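In structure tokens, one chain follows: the form predicted alone.
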């Protein structure tokens, strides 16, 4: 796909913001197909807010107390007002409203700290994923970028990166290793997805 302008993405999250940072740095330093036009957080105290400020990206906060139709309306308005073409989740732990998925024409991505379809689904986030991988005696893990659907971690896979699970790994050491993989994978997978857009 040949485009004269970069695709405008928004990052939605409520965590420390390390993946948001990786996406922003890649856009700033590399020849990515996207530009980070907006960061949206559901907590004014989340690390992702500091990432937005450090990177000079516009930041909007939707209070975590906002739910249901009000959340859908506020998020939808932000995406429309900022002309967002792809929404990228980074540490957003709730299911997105179906209306948002429809508004975005399915152009919503998420990253998961395991090799989907294994170790996905409700409750499988953060350290819980790495505990499950080690308990299952898996010899490899990694990260998956996938299209967001109405169910947790069930959308089409865009990209994966694999790493070995060492016998000496704990859930915490595995988590740190997977995070490094995520930071490499996410910007590349966003670009890969953008190439498929009409």
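If you're wondering where the values come from, they're calculated on a predicted model, not measured in any experiment. Positions refer to the first chain, counted from 1.
Just so you know, the form predicted together with a small molecule exists too; it's not on screen, but the next bit is about it.
Shown alone, this chain has one stretch from 101-109, 88-96, 71-79, 115-123 that lies within 4.5 Å of the small molecule in the model of the complex by heavy atoms: 88-96. Taking the partner from the other structure, the small molecule in the model of the complex has no heavy atom within 4.5 Å of any heavy atom of residue 188. Interface residue remark: residue 25 is not counted as part of the site for the small molecule in the model of the complex, having no heavy atom within 4.5 Å.
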